[in-house]
Ligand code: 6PG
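Consider the single chain below, provided in structure tokens and representing the form predicted on its own.
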């Protein structure tokens, strides 16, 4: 096995609150840069408690008023196959934490329709939504301005779980990924889409993540076991914002 060799930045912060502040600062900066250069700022949201801290921060006056929400377009990196009002839905979490508290037009919010019974059809539908928004030609990939990601204790990111079929997907933008250990399907963006982004930002907090953060960033390249290692933007920036406890086992910072 080879060692991981990918250019990335690591920002270690004191605690989850500072993590949310730093991530919000990055969000505001990137929103400004994107909307100066083109019509929209395109963002892929993540589920999880750490990204939720960012969403709550963005809804505060100090950040909400600095973001051109009419020009922010939101997508999702993955979704559980539940209704959009289900407590475990990533969309539902973002709606409660952020969307209901900022003046973003409803037409700018592109949720994954994961509640459909036909999971492959749902994935194909969301792929068409992305293709239509970006006016993609056949085999073209979208370039999102910012993709937000978390990292599970097993090394998964989005719904790219260890040893699942979606890790091998190179033709589709969105996959209906069966996660055997959970006994469920999840919709997820595929690796090529994530790696085409201009900015990819991992938000990771908590002592329980310390071992997996070290493995992903410093151990051998084993992407089937550690899917987060597959995140290697082609031309974009890769930033890890990690709180002190999650970074506790890193030896190279």
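Positions refer to the first chain, counted from 1. All values derive from a computational prediction rather than experimental measurement.
Although it is not shown, the form predicted together with 6-phosphogluconic acid (6PG) is what the next lines describe.
Interface residue among 113, 152, 162, 142, judged by heavy atoms within 4.5 Å of 6-phosphogluconic acid (6PG) in the model of the complex: 152. Exactly one listed residue, out of 131, 92, 80, 119, brings a non-hydrogen atom to within 4.5 Å of 6-phosphogluconic acid (6PG) in the model of the complex: 80.
Residue contact with 6-phosphogluconic acid (6PG) in the model of the complex: residue 227 places no heavy atom within 4.5 Å of it.
Using a 4.5 angstroms threshold between heavy atoms, residue 46 counts as touching 6-phosphogluconic acid (6PG) in the model of the complex. Contact annotation for residue 50: at least one heavy atom lies within 4.5 Å of 6-phosphogluconic acid (6PG) in the model of the complex. For the chain shown alone, residue 158 is a contact residue for 6-phosphogluconic acid (6PG) in the model of the complex, at least one non-hydrogen atom being within 4.5 angstroms. Only one segment in the set 94 to 102, 144 to 152, 119 to 127, 164 to 172 has residues whose heavy atoms sit within 4.5 Å of 6-phosphogluconic acid (6PG) in the model of the complex; it is 144 to 152.
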